[in-house]
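Before any questions on binding or motion, here is one chain by itself as structure tokens, the form predicted alone.
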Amino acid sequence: MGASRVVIVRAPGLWTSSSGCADPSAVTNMFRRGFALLTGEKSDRQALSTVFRPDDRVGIKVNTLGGKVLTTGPDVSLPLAAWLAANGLQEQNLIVWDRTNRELREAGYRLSSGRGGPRVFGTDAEGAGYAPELVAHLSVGSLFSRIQTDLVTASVSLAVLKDHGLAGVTAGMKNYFGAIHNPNKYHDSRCDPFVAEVFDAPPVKPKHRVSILDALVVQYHRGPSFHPQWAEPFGGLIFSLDPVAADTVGREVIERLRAAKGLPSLAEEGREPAYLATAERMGLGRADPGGIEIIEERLP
């Protein structure tokens, strides 16, 4: 079995607008380069064809708990949706989503649930909600969002990379806690094994295609809420087809930022993200750095 590839694309000149939002053309170039390096394909359309089918209904699961200051904002997710639509996917088959309409609005999204695309709405939107049947999987028992169970055939986890006071790290895998009705139930024991088990559940694992970590700004301490003194403008996106490897590399980014600021490691603080090793044991991906190939590129 070959190494799991993780791509880090950084673009220091992202914030060119007085609004504080990332420049959409720069973000689009990051997606273009990230998928090219991840798949080894030269053209955008070929790169996407290795990940998605043309008729896929793709859910882009964002994380908007942090409001406008620490969130997967429309300046990141909508350029991704536009790029997907320009390269073989159908715009009306793209859904940008999270738990609630309120959280999406507070993060700066304009809601849209009509036939045009991409559509943007939460699980609590009319016509969505949670699937009625409980999914019992390993030690997890949850209702999953109908967006994840019924409305999409393929899923992208597009989550902010953050320190987490309990889990150690919250990134692409834990983003799917936003797809269940009872995430608070699964924060004991540093969220281990629950992050791995929610990801492994039938509504998630078969549909997950790619993890993209939004590391434009990384909360490397006292997360998951925003604390500006411990938030670093990293200016990066992290890509992998291996969800465990993506989060492992995200964890390494956080550890490097912590070390540079003179902070102890997550393990030294008693917040080792043990769910990563659990996920590897379950066969979900690579947590051992020796099994991960990292490609890093800095755009002009």
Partner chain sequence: MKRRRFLRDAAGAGLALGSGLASLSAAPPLPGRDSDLSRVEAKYYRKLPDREIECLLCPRLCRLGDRERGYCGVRENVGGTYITLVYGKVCSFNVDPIEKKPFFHFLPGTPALSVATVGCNVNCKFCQNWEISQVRPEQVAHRDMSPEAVARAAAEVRYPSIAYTYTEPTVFIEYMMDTAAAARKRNVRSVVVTGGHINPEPLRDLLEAVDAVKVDLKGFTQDFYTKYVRGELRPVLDAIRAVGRSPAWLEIVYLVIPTLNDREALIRKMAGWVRDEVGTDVPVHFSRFMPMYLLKNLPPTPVSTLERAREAALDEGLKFVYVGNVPGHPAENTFCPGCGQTVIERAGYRVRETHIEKGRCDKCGETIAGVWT
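Numbering follows the first chain given and starts at 1. Not measured: the values here are computed from a predicted model.
What comes next is about the form predicted in complex with its partner chain, which is not displayed.
For the three residues Ser113, Gly141 and Asp188, a heavy atom within 4.5 Å of its partner chain turns up in the predicted complex in every case.
Among the residues Tyr109, Tyr176, Phe194, Trp83, the one placing a heavy atom within 4.5 Å of its partner chain in the predicted complex is Phe194. Although the partner is absent here, Gly88 is not a contact residue: none of its heavy atoms lies within 4.5 angstroms of its partner chain in the predicted complex. Heavy atoms of Arg209 never reach within 4.5 Å of its partner chain in the predicted complex, leaving it off the interface. Under a 4.5 angstroms non-hydrogen atom cutoff, its partner chain in the predicted complex has Gly66 among its neighbouring residues. When its partner chain is considered in the predicted complex, Arg258 lies well away from it, no heavy atom lying within 4.5 Å. Only one segment in the set 265-273, 66-74, 239-247, 36-44 has residues whose heavy atoms sit within 4.5 Å of its partner chain in the predicted complex; it is 66-74.
If you take 176-190 and check each residue for a heavy atom within 4.5 Å of its partner chain in the predicted complex, you get His181, Asn182, Pro183, Asn184, Lys185, Tyr186, Asp188, in sequence order. Compared with the form shown here, the Cα atoms of Arg115 and Pro132 move at least 3 Å farther apart in the predicted complex.
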